[in-house]
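Quick heads-up: it's one chain on its own, the form predicted on its own, in structure tokens.
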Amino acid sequence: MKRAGPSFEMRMMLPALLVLASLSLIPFVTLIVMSFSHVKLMGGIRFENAALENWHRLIEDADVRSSWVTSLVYFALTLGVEMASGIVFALVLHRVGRGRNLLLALAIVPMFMAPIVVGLLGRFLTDSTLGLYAWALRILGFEGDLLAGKTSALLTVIGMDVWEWTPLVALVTFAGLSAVPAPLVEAAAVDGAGYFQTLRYIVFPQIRRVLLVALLVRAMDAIRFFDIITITTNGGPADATKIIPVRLYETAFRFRELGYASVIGILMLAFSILMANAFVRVLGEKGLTR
């Protein structure tokens, strides 16, 4: 006779599942409630019904739309540069014989730094009076403060993110390159294939799984990029680097508009879920999830 009810394994996992569910569901439900409320902090936390006011405000808010445009520009440039430079660096590293381990160890140092440290270091290096990068650019004819111009400030914070996380892409790609069967590459060479033909038809198809995983990891992280911008420009100058996480922080903790900040946060969460689903769909269509 078959015993009804949950299995032994499920009963053992049930307490942990309940804790995880409460840690996830309670904040999410609270966020939803806050998005339809005016949150008052004076004299204790109170939620006053705002109906759809916060959502209607989001539709008409040009500043938030501007932050989304900046976020998408930042997102595209960061991912593109990190993936391209990481792959190139991994290919170069894979062909290096002596000293490869030393180069790899030096290359991955930035990604072990806290983003706040990277921001402080970048701010020092780009300082217009004594920064090393600013000094090198002055020799090339660029005058002025890198973090003072709208375009240069955005490109500078993108450069700091690229400097920190390109090693991650390179490391993942290098691991994939090391797993490519040597006989395949040797057979392509025997058949007369050149270096780039070997990369296109042999190497990249073999490492496409790790490349897509690296792209997914960096995409999810780039969406919530916050620390370096806060340390270096705090969203300026003139909101040129105010991507949506910075706008969210400012709305919630500077202007104390927690209800409206909840709406921005929900939209950011929806964007993250859409991006993750898009990547998973691509992986599935290419048969990379099996």
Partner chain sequence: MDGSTPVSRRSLLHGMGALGALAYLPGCKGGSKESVGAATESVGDGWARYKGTTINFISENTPPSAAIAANLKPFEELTGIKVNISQMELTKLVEKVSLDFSSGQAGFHVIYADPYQVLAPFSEGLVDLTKFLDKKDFPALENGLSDFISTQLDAGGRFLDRQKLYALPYDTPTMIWHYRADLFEKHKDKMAHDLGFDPTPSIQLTWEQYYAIARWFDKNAKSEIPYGTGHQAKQHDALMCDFSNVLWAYGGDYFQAGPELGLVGTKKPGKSTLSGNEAIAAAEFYNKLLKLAHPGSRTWDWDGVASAFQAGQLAMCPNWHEFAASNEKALPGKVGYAPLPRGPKRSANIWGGTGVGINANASDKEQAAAWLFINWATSPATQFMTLASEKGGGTPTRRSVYARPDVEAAKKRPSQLPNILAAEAVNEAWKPENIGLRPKVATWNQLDTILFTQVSRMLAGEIKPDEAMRSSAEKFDVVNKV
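Numbering follows the first chain given and starts at 1. What you see is a predicted model; the values in this text were computed from it and never measured.
A second form of this protein, the form predicted together with its partner chain, is not displayed here; the remarks below concern that form.
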| request: May I ask you to check whether residue 54 falls inside a 4.5 Å heavy atom distance of its partner chain in the model of the complex? | output: no
| Any of the heavy atoms of residue 232 lying within 4.5 Å of its partner chain in the model of the complex? | yes
| task | May I ask you to state whether residue 209 is within 4.5 Å of its partner chain in the model of the complex, using heavy atom distances? | result | no
| said: Residue-level contact is defined here as any heavy atom of the residue lying within 4.5 Å of its partner chain in the model of the complex; does residue 143 satisfy this criterion? | reply: yes
| task | May I ask you to choose, among 197, 128, 178, 101, the residue with a heavy atom within 4.5 Å of its partner chain in the model of the complex? | result | 128
| Of the residues 84, 72, 148, 114, which one places a heavy atom within 4.5 Å of its partner chain in the model of the complex? | 148
| Candidate spot 119, 223 and 281, all three touching its partner chain in the model of the complex (heavy atom, 4.5 Å) | no
| remark: Residues in 19-45 that come within 4.5 Å of its partner chain in the model of the complex by at least one heavy atom, in order, are 41, 42, 44, 45
